[in-house]
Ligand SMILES: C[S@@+](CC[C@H](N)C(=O)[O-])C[C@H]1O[C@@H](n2cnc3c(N)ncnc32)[C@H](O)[C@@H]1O
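Here you get one chain, nothing else, as C-alpha cells; it is the form predicted on its own.
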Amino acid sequence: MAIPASDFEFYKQFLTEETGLSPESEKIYLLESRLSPVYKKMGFEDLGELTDLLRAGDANAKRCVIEAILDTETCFFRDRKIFDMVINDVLPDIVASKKSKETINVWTAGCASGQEPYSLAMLIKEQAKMFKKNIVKIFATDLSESAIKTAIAGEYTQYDVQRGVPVRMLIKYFAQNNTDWMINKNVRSLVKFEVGNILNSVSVNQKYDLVLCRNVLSEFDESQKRKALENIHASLARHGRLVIGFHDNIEGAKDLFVPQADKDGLYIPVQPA
C-alpha cells in the first residue's frame, strides 16, 4: 500500500525528531517495505491503521516503527584503522593525563548490537599493562531496544564473529555455545549498555574522556546532527576526544570541535572563552 503524501510527511517529521533520520521522498518504497511487516504483525490490514495509532501517540506503535526503521547492521572491528588509532594514539594520551586509580570513561554512541564497544574492550584487555594504574569503563548506548538486548546477552552467530574477529581473539575472548559464540565475562564486565537517544539532552554524572560516534551522524539532517554534537560536546571532559566515522562530518558544528592534525576522524572539543 502506497503511503499518502500527508502520511509520508508525518513519518518524516516523526522519524527526524525521534531518530535523526530523514527519509527522502524518492526512497518512500524503503519506508513502505520496512513498515509492512510491522502493521501485519500487529494484525492490521493496512498501513493506515498503524499510522492512526502512531498519530495518537501509542507507545508500542512508536517503539515498533523506530525498531523497524533503524539500521543496526555492524561488525566487529569495523574500520580497523579507527581502532588502531584509538588504542595506539588516543588512549595512551588519555592514560598519560590521568592520575593513578582515576577512571577512564568511554562512551560509544549508536553502538547497535554491541560489536563496537566489545571490540574496544578486547583491545583494552590486550593492552592491560597500559591501563594497570587506571580503571576503564565503557558506556554504550543505542536507540534500538532489540539491539541493546543482543549486546547485553553478548552472544553472536558464527556469521557475526567471522566478520572481523581474528581467530586468536575469538579463541581467547569467546566460548562456543552450540553454533553461536558467547563473549566472556572479563570483556563484558568492561561495558555497560543502555537504551539511549543521542538527540536527547545528556545527563552526565561524569565527563567522558573519549566518545565514539561512528556511522551515525551521516544519516542525520543538519539540525539533528548539530543537536547530537552539542550533546556530545556537553558530555566530554575538558581534554576529551571525539571519534567519528569516515563517512561522518561535523559541518555546522565547527565552533564545537577542531580536527586533530594527521588523525582522520579525531576531534577535540572547543572550550568556552
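One-based numbering along the sequence shown. Here the structure is a predicted model, which means the values were calculated and not measured.
Omitted here: the form predicted in complex with this ligand. The next part is about that form.
- Checking R78, K137, K125, R188 against this ligand in the predicted complex, a heavy atom within 4.5 Å turns up for just one residue: R78.
- Listed residues I183, I94, L120, I198 were compared with this ligand in the predicted complex; I198 is the one with a heavy atom within 4.5 Å.
- Remark: of stretches 211-219, 32-40, 49-57, 229-237, the one touching this ligand in the predicted complex is 211-219 (heavy atom within 4.5 Å).
- Contact check for L143: a non-hydrogen atom falls within 4.5 Å of this ligand in the predicted complex.
- For the chain shown alone, T150 is not a contact residue for this ligand in the predicted complex, no non-hydrogen atom being within 4.5 angstroms.
- Under a 4.5 angstroms non-hydrogen atom cutoff, this ligand in the predicted complex has T19 among its neighbouring residues.
- In the predicted complex, this ligand lies farther than 4.5 Å from every heavy atom of I28.
- Although this ligand is not shown here, in the predicted complex the stretch 50-73 places heavy atoms of L70, D71, T72, E73 within 4.5 Å of it, in sequence order.
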